[in-house]
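A single chain, nothing else alongside it, follows as structure tokens in the form predicted alone.
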């Protein structure tokens, strides 16, 4: 409650959503302004007849706008529906190429990690055999990584999520697939952040000291609606929990804010290197070439 009173991040998120919504009304406001100016001119030139002409003009503009809006909505809805259905079928087919689930996987949507990213996580788990995987933001990727760890016969996933609905849904999916032994979802809240990075809050971490060092860190949260650089604190805060030669996988690198975050990490941690420079632009695989705790020290 104190965090909400001192820094109401939900207000910032609400303002961002309102700002994005208002952008769609710019053209409507411009058109209405033009009609108002024309009506004033007609009224000044023709009196009451000018008002009649302006009403006819308004009716024509409104009718044309409604027809255009209906056509645009039909095209957009059909196009999006076709794209979503095609992407969903393709993604689910690709996922089943490397995962053999005991029960049907949850339906894929565009907000989830891509099939290429989940294939990358699957391969990394099989090649690196991590003991402790940390995930920021739960979902279908949690289930896929749990299956990968089960296939390896070792390791576990700890997934942090600030959304109670997503966390409960992922827990339910893990139970349905019998993967509770290999993955757990921790519901966490935001706490005030003392880092001088412009981000005022981040996940309130659970007790990670009792866990093994993090061998694989998958960053897919928190949502960017909270703050453009909300994912930056992940490495500065979690570096003390990372194992030597830890691997960091970052999703949504094609988004401009996240690309800046990635550049800041590479500048701040000299031991951090990109492993998939020729890989997919939507995500990036990083690796610490030496201990993250000593990343800023001089090389002897």
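Positions refer to the first chain, counted from 1. Because the structure is a prediction, the values reported are computed rather than measured.
The next section is about a form of this same protein that is not shown, the form predicted together with a small molecule.
- The small molecule is not shown here, but in the predicted complex it comes within 4.5 Å of a heavy atom of residue 109.
- Taking non-hydrogen atoms only, residue 202 never approaches the small molecule to within 4.5 angstroms in the predicted complex.
- By the criterion of a heavy atom within 4.5 Å, residue 171 is excluded from the residues contacting the small molecule in the predicted complex.
- When the small molecule is considered in the predicted complex, residue 139 lines it closely, a heavy atom lying within 4.5 Å.
- This chain is displayed alone, yet in the predicted complex one of 152, 223, 73, 195 has a heavy atom within 4.5 Å of the small molecule; that residue is 223.
- Put simply, of 119, 163, 184, 132 only one has a heavy atom within 4.5 Å of the small molecule in the predicted complex, and it is 163.
- Note on the interface: of 215-223, 175-183, 93-101, 122-130, the segment with non-hydrogen atoms within 4.5 angstroms of the small molecule in the predicted complex is 215-223.
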